[in-house]
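Okay, here we've got a single chain as structure tokens, the form predicted on its own, with questions on binding and movement later.
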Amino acid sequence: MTEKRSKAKERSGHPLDDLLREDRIPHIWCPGCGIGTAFSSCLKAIRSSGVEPKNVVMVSGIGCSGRAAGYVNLDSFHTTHGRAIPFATGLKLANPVLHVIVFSGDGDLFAIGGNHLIHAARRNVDMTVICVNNFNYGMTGGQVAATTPKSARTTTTPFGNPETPFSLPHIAYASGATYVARWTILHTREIAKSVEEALLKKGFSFIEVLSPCPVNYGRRNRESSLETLKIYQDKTIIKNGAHPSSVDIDPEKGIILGKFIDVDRPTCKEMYDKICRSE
């Protein structure tokens, strides 16, 4: 074996290694957590999209999912809590050639950052938002979140959650998103396909990824990661084109997955150029 081939063999590893900051590995995500799976699917989508990595930026907020920006070997920003979308908006408006990905969690995007999300969708800012939904604030101790299912136990709802959770696809759709989808971490190919479609599409794209949180949510609700995956296998129903108002998460009746919305309308920048720069 020549010296050149020997060095190449030494460098060979995971096919996505060039998109990772290997000096930051191993990651901090817990065994059984699905964030790494969602993250890997996102990287596969970047690769298959054909978009130059130099033109891709990843922005994350605070939380377990927010660590993704620190692991990706692209221009990236790990921002303040709930503010990933405003940072991403600034990046896109300052340099429209960029493909901007927001990769964060349900607490960051729909609780403290919820107001930013609905207005970015309303304006149709050209970005792809990937929300890993694990139904609680996993990083800070497992508190109740805006997505926690009714009656589920968390550190702040030890007797069960009395509140009705958000339906994330419905909020994104009602706010004006032009692409809306939901998958679980068991549906890795579908996640990758949706992210690729969203990257290549103009407008505000939203993809929800359902994920186990074994250490906090799962432990308190007597549900292991394997049991969660079994639910994803047995109780999910793919209904592409389903109206987002009808896709609530109900493990008893079924969890609706699919690509729900894929429409076109002028982006924020296109409307700005048309109205504010017209003579």
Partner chain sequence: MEFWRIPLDVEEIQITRGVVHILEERCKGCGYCIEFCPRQVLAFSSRFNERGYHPPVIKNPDDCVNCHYCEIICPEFAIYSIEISEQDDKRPDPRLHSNPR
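Positions refer to the first chain, counted from 1. The structure presented is a predicted model; accordingly, all values stated were derived computationally and were not measured.
The discussion below concerns the form predicted together with the partner chain, not included here.
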Which of 250 to 258, 60 to 68, 39 to 47, 237 to 245 lines the interface with the partner chain in the predicted complex (heavy atom within 4.5 Å): 39 to 47
Does residue 271 reach the partner chain in the predicted complex, with heavy atoms at most 4.5 Å apart? no
4.5 angstroms heavy atom contact with the partner chain in the predicted complex for residue 264: no
Close approach of residue 229 to the partner chain in the predicted complex, 4.5 Å, heavy atom: yes
Tell me, yes or no, whether residue 27 is in contact with the partner chain in the predicted complex, where a contact means a heavy atom of each within 4.5 Å. yes
The partner chain isn't shown here, but in the predicted complex which of 125, 186, 171, 139 has a heavy atom within 4.5 Å of it? 186
Counting only non-hydrogen atoms and a 4.5 Å cut-off, give the residues of 192 to 218 close to the partner chain in the predicted complex. 212
